[in-house]
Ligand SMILES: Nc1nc2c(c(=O)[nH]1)N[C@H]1C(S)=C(S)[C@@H](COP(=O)(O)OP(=O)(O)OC[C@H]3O[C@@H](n4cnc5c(N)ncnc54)[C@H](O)[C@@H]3O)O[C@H]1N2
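Have a look below at one chain only, the form predicted on its own, in structure tokens format.
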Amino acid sequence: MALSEASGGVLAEPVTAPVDLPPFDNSAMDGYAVLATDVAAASETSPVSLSVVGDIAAGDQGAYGIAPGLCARIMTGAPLPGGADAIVPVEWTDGGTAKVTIRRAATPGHYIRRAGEDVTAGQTVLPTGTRLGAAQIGMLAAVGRARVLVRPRPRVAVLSTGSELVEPGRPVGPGQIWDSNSFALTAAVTEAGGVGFRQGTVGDDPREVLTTIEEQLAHADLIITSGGVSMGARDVVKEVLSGLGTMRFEKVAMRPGKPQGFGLLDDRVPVFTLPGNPVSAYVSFQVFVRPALRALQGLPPAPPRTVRARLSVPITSPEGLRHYLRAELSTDDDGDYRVVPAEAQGSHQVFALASSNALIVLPEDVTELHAGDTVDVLELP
């Protein structure tokens, strides 16, 4: 990809420097290029005067040399003239153009950027697997790369199903709610490094649902739906996708997020069908979809970072289910992690999710823990 389009992508090749950076000795300050021995005795009470033989600007390609008793006015980034071994900042002088009075001594190497002190020729500056942010794009440009081989950000289509859903900003009637899932999941795609395309809400008409999903297959790298995958009479996503491609619908031993569906359509596009409850959909994304998005980018398929933390209160959990509890993660005065579960843990309770920064993970065989016990905690983006 062109460098201007590669931001957010993940490098699929190592990048090395073709030359030293900087490629030549240059000045780190606006000032004067001198021989350090000429200014070794300079002070406020006993300044040194030198003749200025010329000006050297950044980008100047001329050949310059400095003899004892002489100096050159020099700009930041300009090449160091032959013979010079120190830069005197203009602030230490009277700013003279023909003759300059210098009031402080400078040692050899003072304010000089040496060739190769940042990067040496042949050095790997960015390894394979690096996500390209602003600093990394700058590094690529600094070593002269106009194009780079990357895994681009996956294009992800997100849609919510359900005739009860209404677009935010529009009035809701009896039995209706505003759609939050498609907005939250599209934002989660961005946080995971993808490019989310929200398709809005789709009613419970099977033909409409199938047509909407099929339309995304031509340009999406991955599709996420929410709702319509449980055991109800109107679970339309499960109805229209069962038997297509490699789609499977299962009950996963977890809370929240038991009903799940996954498969490939057209033999290439992964489709995740998540539950409709907002918290279930979000937790399912972090557990299942986020690792898949990382894999599409050539990164290790992992959920959010896991830390060990001490519980501040006792908790219970149903046997046989892996339980993900919304929680507040913090550090104590000793730098150790502490975690407090949210009071509300219903799969429909969005406020507790918006107020949390972590998920406590309780294994299937754990039914009770006490305050002070240590647990695994997923840090939410």
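Fair warning: this is a prediction, and the values are worked out from it, not measured in the lab. The first residue of the shown sequence is 1; numbering continues from there.
We do not show the form predicted in complex with the named molecule, though everything after this point is about it.
S.K.: So the ligand isn't in this model. With the named molecule brought over in the predicted complex through superposition of the site C-alphas, is the pocket blocked (at least 3 atoms within 2.4 Å of backbone or C-beta) or open?
M.R.: If you fit the named molecule onto this chain using the C-alphas around its site, the pocket comes out open.
S.K.: Do all of Asp179, Lys251 and Pro278 end up near the named molecule in the predicted complex, with near meaning a heavy atom within 4.5 Å?
M.R.: Affirmative, all three are within 4.5 Å.
S.K.: Tell me, which of Glu164, Glu208, Asp221, Glu191 has a heavy atom within 4.5 angstroms of the named molecule in the predicted complex?
M.R.: The residue from Glu164, Glu208, Asp221, Glu191 that makes the contact is Glu164.
S.K.: What is the one choice in Ala106, Val229, Val156, Val271 with a heavy atom within 4.5 Å of the named molecule in the predicted complex?
M.R.: Contact residue from the list: Val229.
S.K.: Looking at 142-150, 289-297, 221-229, 109-117, which lies within 4.5 angstroms of the named molecule in the predicted complex, counting heavy atoms?
M.R.: Flagged stretch: 221-229.
S.K.: I'd like to know whether Lys258 contacts the named molecule in the predicted complex, with contact meaning heavy atoms within 4.5 angstroms.
M.R.: Residue-level check for Lys258: yes, a contact with the named molecule.
S.K.: Taking heavy atoms only, is Asp85 within 4.5 angstroms of the named molecule in the predicted complex?
M.R.: Output for Asp85 is no: heavy atoms all beyond 4.5 Å of the named molecule.
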